[in-house]
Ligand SMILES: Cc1cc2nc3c(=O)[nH]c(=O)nc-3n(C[C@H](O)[C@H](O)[C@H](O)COP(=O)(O)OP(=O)(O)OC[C@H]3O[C@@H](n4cnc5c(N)ncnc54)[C@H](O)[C@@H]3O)c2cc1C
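This document opens with one chain alone, in structure tokens, the form predicted alone.
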């Protein structure tokens, strides 16, 4: 390439870098505002619905886009570039609620609930965890009894993502405790169901604006048609939801990790110490290289899981591997971003401390990383 071509190429690359930096800063400002206000951005939901994102895996006849799960993970990634908290809410709505309803609902249930969920008129959630039962599904205490033409639920659920603001809940309860996991069923519970109430919102370290709620069912009365899927198949629905969630929920982190890396590269190029850009110091450049490797490896693990799932292959181990690796990578990249920015990274105004707080949640939700290691080891059939 001639020198003038090299100069032109350099100008184009510089312009692209500046544009990426501006987009990253804008996303950071928007995410910081959502975090600071700590209020669920309900006004975004109809906008996401208009873009076709809330029903991305839903058939077109129900108002969805009819796309596959890989498209779903890409959408989660891009939404989370602006706000990881909004990305997490999107996962709870579009995967844990909408997708499981799509896969298991009757024609009448789909017709009744999907259009409003897909349009963003309603918000959906999944209610599984209990005060004494998180990853241990056998310890579930919420009970459902059939009384004539109704189901009556009693019990509590906690740590429910979007639990305080949802309009429809996929709730798991045991109909026959003596049958263990085979006695668990799934129910569709509208917010106005008699006997249902939101007990409280649970304050937390990160993922502000994603309200975590505790729910109570006190002789909560539901019509017979509120039952989702066959009786006793609730664990199957739950396991399918968890596989999809574990394999792709951290795709919400990919968008944040990408923005972090772009901002850190720009910082390394423009911040000077001892008369030269800090990116020229090997300790800084090595840290950036490791951040880039973690990002790309995380992306490949999530896309590999999505591909396995799309082709109908066994993917539970791949899901746990993706959840474990990506959450640990997101946390480490967040620490490295704060260290690279120094004092500025520790300050609230850069938004990096928010991302570090958010990253801690990924080590815990959807089953702690210790649980993921157990699942991976179990898949090896060690004994």
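What you are looking at is a predicted structure, and each value in this text was computed from that prediction instead of being measured. Residue numbers count along the first chain shown, from 1.
What follows is about the form predicted together with the ligand, which we do not show.
Although the partner is absent here, residue 359 is not a contact residue: none of its heavy atoms lies within 4.5 angstroms of the ligand in the predicted bound form. The ligand is not shown here, but in the predicted bound form it comes within 4.5 Å of a heavy atom of residue 212. At the 4.5 Å threshold, heavy atoms of residue 160 reach the ligand in the predicted bound form. For the chain shown alone, residue 85 is not a contact residue for the ligand in the predicted bound form, no non-hydrogen atom being within 4.5 angstroms. Stretch-level contact analysis of 103-111, 178-186, 142-150, 124-132 against the ligand in the predicted bound form, using heavy atoms and a 4.5 Å limit, identifies 124-132. Between the ligand and the residues 264, 220, 96, 79, the one pair within 4.5 Å by heavy atoms in the predicted bound form involves 96.
Contact here is defined as any heavy atom lying within 4.5 Å of the ligand in the predicted bound form, and by that definition each of 364, 370 and 374 is a contact residue.
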